[in-house]
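Presented below, as structure tokens, is a lone chain in the form predicted alone.
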């Protein structure tokens, strides 16, 4: 049965959960909106939070992560894996688009390849979603089949219904959590009606639309259209913002840091938008900017669907609103040549 909680009791709720989990919540303490460990008192994010700049994927695939340490002796290397943090974490307030992004990343880091670093954190985390009541102008989640109140990818979903939050128990872990949480009340039919109304209102606020019908085949047909891709890439400055802050991008580089005979191996976020990304000793197959832009677009809307039967984009809009030159992926996709339509 659905629950509800008064907004004035959210701090108390998070305090209770902090006894069981490392609670992460929206924060601007470092000057940019991101999920960070809750300080035990501040819930002002309930007023300003629309979405984070840094996507929640950073909690599972950090911008820089130590993979192991090593020490060299006379004959070989001694490898020391990172110490395991057994504490469970709870991400409070994750938006539906970002929760869907985690489900998409799971396909790479769990289904295609068992990545121990990602999975150790992913499987130790509860996601408490917060319905998006005020989508940004750049959001287009509904075009990707995601509602601003989508609950399929979280354990609990909270929806703003005035003085309270309506709480839906989605998974067994979510139900177990609410069963152990005091201060929650049973929701009634009026609360359910208010939640439905709030969800419908939020859905209708997403006005940016993208027709994704047949987009995979259209991109495949236009793959060798150099003129189209040069035009699409014209104002891109190859800064990598759109990929580094994308909730579904997962490319990383690996480097060793060595001081005398001791060191560590790290992996860190990388971007297919960078000219050095695919550079090899003898060549760079994506030296031209248009090839890198094509890779970025086609990976999400052509290559990923070919492998996993899902578009690797959730319409969060970060790549649009955070781009320094206003490059817009929806406009690029809408401008794919008509002759590139499937079957033509």
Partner chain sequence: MTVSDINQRQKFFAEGNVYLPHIAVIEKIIEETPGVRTFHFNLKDQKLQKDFSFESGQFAQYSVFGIGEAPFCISSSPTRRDHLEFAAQRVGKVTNALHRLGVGAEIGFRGPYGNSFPLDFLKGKNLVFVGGGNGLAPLRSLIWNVIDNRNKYKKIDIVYGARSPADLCFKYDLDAWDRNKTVNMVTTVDKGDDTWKGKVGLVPKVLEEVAPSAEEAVAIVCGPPIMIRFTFPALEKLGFKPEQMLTTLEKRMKCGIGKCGRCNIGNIYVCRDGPVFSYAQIKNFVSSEY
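Residue numbers count along the first chain shown, from 1. Just so we're clear, the structure is a prediction, and the values are computed from it rather than from any experiment. Basically, rigid core = biggest C-alpha set you can superpose within 1.5 Å across the two forms.
The form predicted in complex with its partner chain is left out here; the points below concern that form.
- This chain lacks the partner; the member of 207, 76, 188, 134 within 4.5 angstroms of its partner chain in the model of the complex by a non-hydrogen atom is 76.
- Proximity to its partner chain in the model of the complex, defined as a heavy atom within 4.5 Å, singles out one entry of 194, 169, 217, 115, which is 115.
- For the chain shown alone, residue 31 is not a contact residue for its partner chain in the model of the complex, no non-hydrogen atom being within 4.5 angstroms.
- Residue contact check for residue 258: one or more of its heavy atoms lie within 4.5 Å of its partner chain in the model of the complex.
- For the chain shown alone, residue 111 is a contact residue for its partner chain in the model of the complex, at least one non-hydrogen atom being within 4.5 angstroms.
- When contacts are judged by a 4.5 Å heavy atom cut-off, residue 122 does not count as touching its partner chain in the model of the complex.
- In plain terms, the part of the chain that comes close to its partner chain in the model of the complex, with a heavy atom within 4.5 Å, is 297-305 out of 38-46, 313-321, 23-31, 297-305.
- Judged against its partner chain in the model of the complex with a 4.5 angstroms heavy atom cut-off, the residues 67, 252 and 265 are in contact without exception.
- With contact defined as any non-hydrogen atom lying within 4.5 angstroms of its partner chain in the model of the complex, the contacting residues in 266-293 are 267, 270, 276, 277, 278, 279, 280, 281, 282, 283, 285, 286, 291, given in sequence order.
- In the core-superposed comparison between this form and the one not shown, the C-alpha atom of residue 224 has shifted by less than 2 angstroms.
- Superposition on the rigid core between this form and the one not shown places the CA atom of residue 254 less than 2 Å from its counterpart.
- Once the rigid core is overlaid between this form and the one not shown, residue 112 counts among the residues whose Cα shifts by 2 Å or more.
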